[in-house]
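In what follows, one protein chain appears twice in different forms, each by itself as C-alpha cells: structure 1 and structure 2.
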Structure 1
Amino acid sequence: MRTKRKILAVLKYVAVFLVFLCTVLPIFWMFVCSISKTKYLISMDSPILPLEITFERYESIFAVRTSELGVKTAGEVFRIATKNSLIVAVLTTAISLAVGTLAAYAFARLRFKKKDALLSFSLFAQMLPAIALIIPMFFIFKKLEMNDRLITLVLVYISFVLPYVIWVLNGYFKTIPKDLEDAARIDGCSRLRAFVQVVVPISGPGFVAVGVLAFLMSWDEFMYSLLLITSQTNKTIPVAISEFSSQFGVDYGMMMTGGCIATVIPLALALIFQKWISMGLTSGAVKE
C-alpha cells in the first residue's frame, strides 16, 4: 500500500513538473530569442543559449525617436498598438462587467419564461467561428462607416466576451444565499438596492476572476483586429507583432521581443489576482 502511494506521489510530481515546463519553457525561450543576436536566430548550428546578448530590440521599442520622412518606426507603431490594446481591453471588460453583472443576476434570481433557453442562446455568439462572422461584420461596419475605429473593436469584443461573463457570474450568484437579500428586503431595501449593497460587495472574487479573463480575451484577439483595422494609429498588439513578418523576411527577434512585452501585462494580472481568480472560479462552479 505504501509503495502504491509513493508511486502515485512520484507520478503526481512528475505531472506537475511537466505542466510547469510546458508553461514556462515557451516564455523563457521567447525571452532568450528576444535578447539573442540575429545570427544565432537564423543559424542551425547556434547554441541553445546565446553567446552574445543584446537589448537593442527593447531599446528600439521603448526609445522615443523621430523617424525620417514622417514614417513611423517599428517601435513607435508598437507603442501605439500597446496603448490601443489597453484602451480596447479595458473598455470591453468594463462594459461587459457592467451589463453582464445585471444580466447574470437576473438569470440567477428572477423567474421569467424561457429563462433557460435565453441563457443558452446567449452562448450562440461564442459557438460560431470567427471566420464565419468576420465578412458580414466587415460589410456592416463599412456601411455604417465605422471601420478602422477602436470603438468598433470594443463592440465586436463585447459580443463574445459578454456571454462568458453572464455564464460565469450566473453560477457565482447562485452560490450566494438568498437569505442575505431577503434580510435586506425585510429591512426596506428594494431588490436593486439589496443587489448593490449586499450581493455586489461579497462578489469581489467573481468579478475579479471574470474581469481578468475578459481582459485577456480582448487583449489576445487577432483576427477581428487584423481585418477591421487598417491604419497604423489604431492597430493592436497582436497585429503589430505579426507585422514584424513581411514579404522580405521575418524578424524573429522583434517578434519575440514584442511577444515578451505583450506577455507582461497578462502575467502581472494573473500573479496579482491569482488568489481571487481561484476563489471566483471555484465558487462559481459550485451549485446551490
Structure 2
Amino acid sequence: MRTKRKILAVLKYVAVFLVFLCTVLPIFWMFVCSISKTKYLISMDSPILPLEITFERYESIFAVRTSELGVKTAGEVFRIATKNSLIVAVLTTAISLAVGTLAAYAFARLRFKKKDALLSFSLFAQMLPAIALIIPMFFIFKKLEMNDRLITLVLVYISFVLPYVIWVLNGYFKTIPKDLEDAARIDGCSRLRAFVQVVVPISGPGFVAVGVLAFLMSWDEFMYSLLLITSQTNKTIPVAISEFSSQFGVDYGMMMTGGCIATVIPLALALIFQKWISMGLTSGAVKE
C-alpha cells in the first residue's frame, strides 16, 4: 500500500513535469532561435541548441536608427506596428468598457422591453466570424473614405469587443447582491448614483478581467487589420509580423525575434492577471 502510494506520487510529479515541458518548450524555442547565430538555424547537422548566441536582432529592432532612402528598416516597421497596436487595443478596451458597463448594468438589473432579444443579438455579434462582416465593411468604409485608418480599426474591434464586455459584465453584475443598491436607494440615491457609488467600486475584479481580455482580443486580431489597413505606417503588429518574411527575405531568426517581442505584453498580462482572466473567460459562460 505504501509503495503504491509512493509510485503514484512520483507519477504525479512526472506528469506535471511533462505538462510543464509541453507548455514552455515551444516558447523557449522561439526565444532560443531569436538569439541564435543564423548559421545554427539553417543547418541540419549542427547541435539542436546553438553554440553561439547573439542579441544583434534585438539591438537592430530597439536601436533607433532611421533609414536612408525612405526605406523602413525592420526595427522601424516593428516599433511603428507596436505603437499602432497599443493605440488600437487601449482605445478599443477603454471605449468598450465605458459604454459596455452601462449597458451590462441595465441588462443585469433593469426591466425593459426586448431585453432578451437585444442581449441575444449582442451574443450573436460577439460570435460572428470576421469573414461574414469584412466584405461589406470593406466597401462601407471605402465609401466613407475611412479605409486605412487606425480609428476605423478601433470601431471594427468594438463590434466584437463591446458585445463581449456586455455579456461578461452582465453575468458579473448579477452576482452582486441587490441589497446593497437597495439600501443606497432608500437613503435617497438615484439609480445612477447607486450604481456609480455602490456597484462600480466593488466591481474592480470584473473590470480587470474583461479589460485584460478585451485588450488581448484587440492585440491578437488579424483579418480586419490585414484587409482594412494598407499603408505601412498604420499596420498593427500581427500583420507586420506576418508580412515580415516577405518584406525582408525569409529570415527565421528575425521572425522569431518579432514573435518574442509581440508575445511579451500579452504574456505578462496573462501571468499577472491569471486569476482574473479565468474569471473573465468563465463568468459569461458560467453564470453565477
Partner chain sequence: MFRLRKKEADMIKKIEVSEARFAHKLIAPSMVLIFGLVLLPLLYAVYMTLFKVGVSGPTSEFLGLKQYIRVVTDRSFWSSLRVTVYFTVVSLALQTVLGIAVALLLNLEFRGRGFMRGIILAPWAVPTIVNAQLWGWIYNASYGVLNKILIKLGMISKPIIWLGTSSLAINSVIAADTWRMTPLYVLMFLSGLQTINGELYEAAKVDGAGAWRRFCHITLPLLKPIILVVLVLRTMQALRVFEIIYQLTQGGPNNSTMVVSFYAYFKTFSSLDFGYGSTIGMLIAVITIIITLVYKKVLEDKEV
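For numbering, take structure 1's sequence and count from 1. Here, rigid core means the biggest group of C-alpha atoms that superpose within 1.5 Å across both forms. What you see is a predicted model; the values in this text were computed from it and never measured.
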TODO: Would you indicate whether the form predicted together with the partner chain is structure 1 or structure 2?
DONE: 2
Open item on the list: After core superposition, I'd like to know whether Thr230 moves between structure 1 and structure 2 (criterion: C-alpha shift of 2 angstroms or more).
Closed with: no
Task: Inter-form CA displacement between structure 1 and structure 2 at Cys22 - rigid core frame, Å - done: 3.5
Open item on the list: Superpose the two forms on the rigid core and tell me the Cα shift of Val10 between structure 1 and structure 2 in angstrom.
Closed with: 6.6
